[in-house]
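In structure tokens, one chain follows: the form predicted alone.
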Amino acid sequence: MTATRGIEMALHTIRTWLWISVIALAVTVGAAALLLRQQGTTAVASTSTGPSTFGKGSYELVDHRGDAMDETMFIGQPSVLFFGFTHCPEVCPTTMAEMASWFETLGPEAQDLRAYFVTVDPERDTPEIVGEYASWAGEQMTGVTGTPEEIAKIAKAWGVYYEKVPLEGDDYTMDHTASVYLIDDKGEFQGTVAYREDKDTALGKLRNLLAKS
């Protein structure tokens, strides 16, 4: 009887620990699932708020005609936006030439498309200088400048990198983001055209932008 009772007690102990193990495992799995769900929700929230805030900001600039410009300049028509500077030796003249080529190829298709050249070198690029520089890219191109503080605001809104790089003497050049931004008629970011992107690919992106606006 004693041996039988001992076996029963041992089996009871084993069953008890098995149930404790099962319950502990269930709790662990449930907690992990809840944690993953919360992380997924956070990731989705971050993704959904990113595009809606990108390009948003408040700034006061001036165009090459001397007219005031602010964040509303992108509302009402599709736009392309490029940040550069008139002393740029390669990236800016290349991009401006490509943009002129896009407008010429699109012809009447691009009649509602606006283009903005915003300088990242406001110390040298006055309204007159950016106007002369932008004019050879076509009538759709508007040159934009402003105080260094206001240029910094629009650059921050669009996530644009730029930095003054000293050269010999008092001269300097500017490093800057080289992409062209595509913006719909509601002022919402729709993508970019990369530096020296294939022309047909760029035109496809522009036609898609025009179709959405």
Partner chain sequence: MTRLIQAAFAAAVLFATPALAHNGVVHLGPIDISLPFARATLPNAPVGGGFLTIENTGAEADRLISASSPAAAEVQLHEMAMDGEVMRMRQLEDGIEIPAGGTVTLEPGGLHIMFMGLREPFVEGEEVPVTLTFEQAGSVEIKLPVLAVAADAAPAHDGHQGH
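Residue numbers count along the first chain shown, from 1. The shown structure was predicted, so the numbers you read here are calculated from the model rather than taken from an experiment.
This next part talks about the form predicted in complex with the partner chain, which is not shown.
Trainee: At the 4.5 Å heavy atom threshold, is residue 64 in contact with the partner chain in the model of the complex?
Mentor: The answer is no: residue 64 has no heavy atom within 4.5 Å of the partner chain.
Trainee: Although the partner isn't part of this model, could you tell me whether residue 123 comes within 4.5 Å of the partner chain in the model of the complex, counting any heavy atom of the residue?
Mentor: The answer is no: residue 123 has no heavy atom within 4.5 Å of the partner chain.
Trainee: Would you please decide whether residue 68 lies within 4.5 angstroms of the partner chain in the model of the complex, comparing each non-hydrogen atom pair?
Mentor: Judged by the heavy-atom cut-off of 4.5 Å, residue 68 is well away from the partner chain in the model of the complex.
Trainee: Are any of the heavy atoms in residue 139 no more than 4.5 Å from a heavy atom of the partner chain in the model of the complex?
Mentor: No, no contact at 4.5 Å.
Trainee: Look at the stretches 69 to 77, 108 to 116, 139 to 147, 90 to 98 and give the one with heavy atoms within 4.5 Å of the partner chain in the model of the complex.
Mentor: Heavy-atom contact with the partner occurs in 90 to 98.
Trainee: Residue by residue through 138 to 170, tell me which have a non-hydrogen atom within 4.5 angstroms of the partner chain in the model of the complex.
Mentor: Heavy-atom contacts within 4.5 Å come from 161, 165, 167, 168.
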